[in-house]
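We begin with a single chain expressed as structure tokens, specifically the form predicted alone.
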Amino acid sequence: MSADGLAISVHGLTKTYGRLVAVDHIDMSIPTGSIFGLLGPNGAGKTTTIKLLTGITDITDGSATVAGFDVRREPMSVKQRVGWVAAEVILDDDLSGWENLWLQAQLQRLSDWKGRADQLLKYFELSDRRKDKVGTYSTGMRKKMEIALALLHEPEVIFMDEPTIGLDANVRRMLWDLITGVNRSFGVTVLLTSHYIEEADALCDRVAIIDQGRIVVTGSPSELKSRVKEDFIELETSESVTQEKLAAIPGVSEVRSQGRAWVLRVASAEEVLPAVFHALKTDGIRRINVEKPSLESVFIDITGKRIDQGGSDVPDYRKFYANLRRAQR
């Protein structure tokens, strides 16, 4: 822990690949013991940021300290104090739960690890399955084991990169409970990346929204939601419609195009919807969605697009491989 009470401190952090700026002069201050969310679409720079903070990828410009150590000058000290739960499956299915923990201990050169391993298996309710091959575990049990591996060396900070990607709703919510439990029970700081709005809202003390490598806004979920006083109506029509026609609807203060759809900013969706239906005729509306003040509406307000739209041209290979591994079991 650093003297200023911050687990992670970032100033002007930048990563370029030739002309591509993957992370663009970002700043972050993450208090010790908190759950911090880095929220953004696929391709926004979330995973690259984690790679920079863990010393896996070299920093192009700027500075970062993690657990009180400078990432550039003291990368090994940083790595000794951080854990990482990746989106990809990192378990060996042919080994038992205990053998996976043993392998992790060897990789990290831990000598006195068995007591910690027993504690983690008990905490995650996996003690009775310690001798079973991980390939026989359920998805929820596998996620528990992945977190146990990340906690084995007693890190001060744990990075969770899209930990719930590709999971069904029930397993995802189970994992939310695990993340908050780990944060409280082990006193570990969590930096969580996600493009799931509800995940960041449910878990995080503070959130930074990142888009195209830049952090566009930071605050608690409630602070960010309070920025948006209006509603958004997203609609797609079966026939072409002009921006001028939509802007002329009473109560519409702004109109933005979004691919094949339109996004209307309105004071009250309930009051404006009847006028929308009257102007466009119900049978001419193929799809309509109302976005009340939320982290999604904050993202729309700042970037002009939905979080699942930005970066949609970037293939999500991590989700592909996660699904592939599940299909093979």
Partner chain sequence: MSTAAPTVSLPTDVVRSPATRTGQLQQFWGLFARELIKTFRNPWVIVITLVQPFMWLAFFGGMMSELPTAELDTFLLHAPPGTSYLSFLLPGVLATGMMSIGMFGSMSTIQDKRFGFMKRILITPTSKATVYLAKALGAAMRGLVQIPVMIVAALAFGVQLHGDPLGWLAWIVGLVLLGLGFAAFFLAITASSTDWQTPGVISNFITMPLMFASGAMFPTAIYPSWMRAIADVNPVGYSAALSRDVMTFNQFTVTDLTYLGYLAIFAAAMVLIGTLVASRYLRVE
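Positions refer to the first chain, counted from 1. Between two forms, the rigid core is defined as the largest C-alpha subset superposing within 1.5 Å. Just so it is clear, the model here is predicted, and its values are computed rather than measured.
One more form of this protein, predicted together with the partner chain, exists but is not displayed; see below.
For the three residues I233, L246 and V276, verify that every one has a non-hydrogen atom within 4.5 Å of the partner chain in the predicted complex; reply yes or no. Result no, not one residue of the spot touches the partner chain.
In terms of non-hydrogen atoms within 4.5 angstroms, which of the given stretches 204-212, 79-87, 247-255, 225-233 touches the partner chain in the predicted complex? Checking each option against the 4.5 Å cut-off leaves 79-87.
Taking the shortest heavy atom distance, is K133 within 4.5 Å of the partner chain in the predicted complex? Residue-level check for K133: yes, a contact with the partner chain.
Contact of E199 with the partner chain in the predicted complex (heavy atom, 4.5 Å): Result no; E199 lies far from the partner chain in the predicted complex.
Although the partner isn't part of this model, could you tell me whether R73 comes within 4.5 Å of the partner chain in the predicted complex, counting any heavy atom of the residue? Answer no; every heavy atom of R73 is more than 4.5 Å from the partner chain in the predicted complex.
Counting only non-hydrogen atoms and a 4.5 angstroms cut-off, does A267 reach the partner chain in the predicted complex? Heavy-atom contact with the partner chain at 4.5 Å: absent for A267.
Which one of T242, Q106, S220, S238 is close to the partner chain in the predicted complex, taking close to mean a heavy atom within 4.5 Å? Exactly one listed residue reaches within 4.5 Å, namely Q106.
Which residue, L152, L126, V188, I165, is the contact with the partner chain in the predicted complex, using a 4.5 Å heavy atom cutoff? For this set of options, the contacting one is L152.
Residues of stretch 37-61 in contact with the partner chain in the predicted complex (4.5 Å, non-hydrogen atom): Contacting residues: K51, T54, I56.
For T218, is the C-alpha shift between this form and the one not shown 2 Å or more after core superposition? It does not reach a 2 Å shift.
Superposing on the rigid core, does the Cα of T180 end up 2 Å or more away between this form and the one not shown? Not so; T180 is displaced by less than 2 Å.
Examine S253 after superposing the rigid core and state whether its CA is displaced by 2 Å or more between this form and the one not shown. For S253, whose C-alpha is compared between this form and the one not shown after core superposition, the shift is less than 2 Å.
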